[in-house]
Ligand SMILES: Cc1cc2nc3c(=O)[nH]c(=O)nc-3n(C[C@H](O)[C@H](O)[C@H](O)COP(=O)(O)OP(=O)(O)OC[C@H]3O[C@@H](n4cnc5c(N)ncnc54)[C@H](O)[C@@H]3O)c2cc1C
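Here's a solo chain for you in structure tokens, the form predicted on its own.
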Amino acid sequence: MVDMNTNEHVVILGAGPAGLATGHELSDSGVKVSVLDRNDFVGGLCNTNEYKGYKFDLGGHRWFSKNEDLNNWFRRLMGDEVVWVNRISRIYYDGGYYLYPISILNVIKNAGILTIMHAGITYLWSALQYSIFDKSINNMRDAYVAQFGGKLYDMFFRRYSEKVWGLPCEKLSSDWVSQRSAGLSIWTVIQESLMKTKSDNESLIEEFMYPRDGYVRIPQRMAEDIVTKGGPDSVVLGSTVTGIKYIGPNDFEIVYRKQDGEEYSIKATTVVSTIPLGLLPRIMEPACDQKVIDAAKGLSFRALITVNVILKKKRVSIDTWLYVQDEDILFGRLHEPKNWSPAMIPDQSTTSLVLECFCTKDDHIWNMTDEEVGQQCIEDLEKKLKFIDSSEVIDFSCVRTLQAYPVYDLEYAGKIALINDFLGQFEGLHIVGRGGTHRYNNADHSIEMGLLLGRKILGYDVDHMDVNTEPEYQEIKRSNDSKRDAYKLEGEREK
């Protein structure tokens, strides 16, 4: 372990996966840590809501990573709470069901050879444009068409993407595609489906690890360890940060307000922020100038309403996820918690569903009442998907979440660069996590970022911002993949 000043006090803003992972790594090395969060629970977007004994994740989160050292860290953290889940994901498109990730054989079976021929022609045309004639990739549509051609883009990417983001793909950055599906193309799909070239590859999509009692158990376990090391005041909930005063290098004062309205302050030598990047510069002192404020206000998020339905039915489907393309169905994705872990259901003669409705604060979906959202989703399940009969519905509840998905519009990268230039002047201030970096991380990415940031603060030569920047498709692990870093057993850490 790297020797640190005994006066070191790291204050972490946000008890989501990234912030807690940073705190977990630091507290494990004896550093004083204080985690502040405005919610009265830990986990942030990795929360699991309980309703009438049924457990509902805030959207389906699975644990998968190419980094086997990180997987070992996860297993040590969770112990006997880990269950393995076989993944079956499908896309609902115009009344048909297609495997996801895309399988050419499955598309032929469901859509027919003419569709595949059409897809092949449009891909050859796009290859001619983007490869031979070097047409520039300017937006999300261009990126998908360059990888898959116009037909498969329209079938499997356009509708769902526009449902998630609330914007036409032409108005969204291609960065999201390169981040989420880099290295995946129609050729890799053909190789996987037809040529069976899997000898050196291990697919991360066929099964995954999951906490038996819901995804919130990961942040809860990290918080439990932090409290064990640092005492009950090391994780302070119900605390909204209102200001960060920079006194000098590695010298900060954080001002926060408790739920009783009282204001408090805490001193820190290092600040780790998972606060949304669009908010952070606006609560810093000294204050930023107007152009930074404008850039910060220009970063936007999509919100989420999850409708949690309890059903008098043993099972609805075999899927771990179903992606719903059709615009006339209110929700964009659903999952059945029972298919992930039987412990999510108190009565095995029943089941439940989580339906994800993507929206933006104050748009027409957000402004619907919970009753309206729930009833519309149930009607779509019954009449359009034909999954249930409305008489099978025992009950439902709705959970509303702001700042769920950072939007990659065409100007976002310039805004982030301007904000990061401003934040870079504060020595001892670090950003991490999905909202904190305005980067669409999976939960394992955010945890890996947090662990690496903890090691960086400890003095190791690592860069937490390298996480989730691989130039290859995230869900294929090759035998020759390099390891980013090691998370070793206690007593085996590098000296």
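All residue numbers are counted from 1 along the displayed sequence. Just so you know, these numbers come straight off a predicted model, no measurement behind them.
Omitted from view is the form predicted together with the named molecule, to which the following refers.
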Checklist entry - Since the chain is shown here on its own, which stretch among 66 to 74, 31 to 39, 455 to 463, 422 to 430 would lie within 4.5 Å of the named molecule in the predicted complex, judged by heavy atoms? => result 31 to 39
Checklist entry - Is Val10 one of the residues lying within 4.5 Å of the named molecule in the predicted complex, judged by heavy atom distances? => result no
Checklist entry - If you check in the predicted complex, is Lys151 within 4.5 Å of the named molecule, heavy atoms only? => result no
Checklist entry - Heavy atom to heavy atom, is Lys55 within 4.5 Å of the named molecule in the predicted complex? => result no
Checklist entry - Does at least one non-hydrogen atom of Leu279 fall within 4.5 angstroms of the named molecule in the predicted complex? => result yes
Item to check | Listed residue (Tyr100, Tyr405, Tyr93, Tyr412) with a non-hydrogen atom within 4.5 angstroms of the named molecule in the predicted complex | outcome: Tyr405
Checklist outcome for this item: Of Tyr246, Trp165, Trp321, Phe396, the only residue with a heavy atom within 4.5 Å of the named molecule in the predicted complex is Trp321
Next on the checklist: Given a 4.5 Å distance limit between heavy atoms, list every residue of 441 to 456 close to the named molecule in the predicted complex, or none if there are none.
Outcome noted: Asn441, Asn442, Ala443, Asp444, Ser446
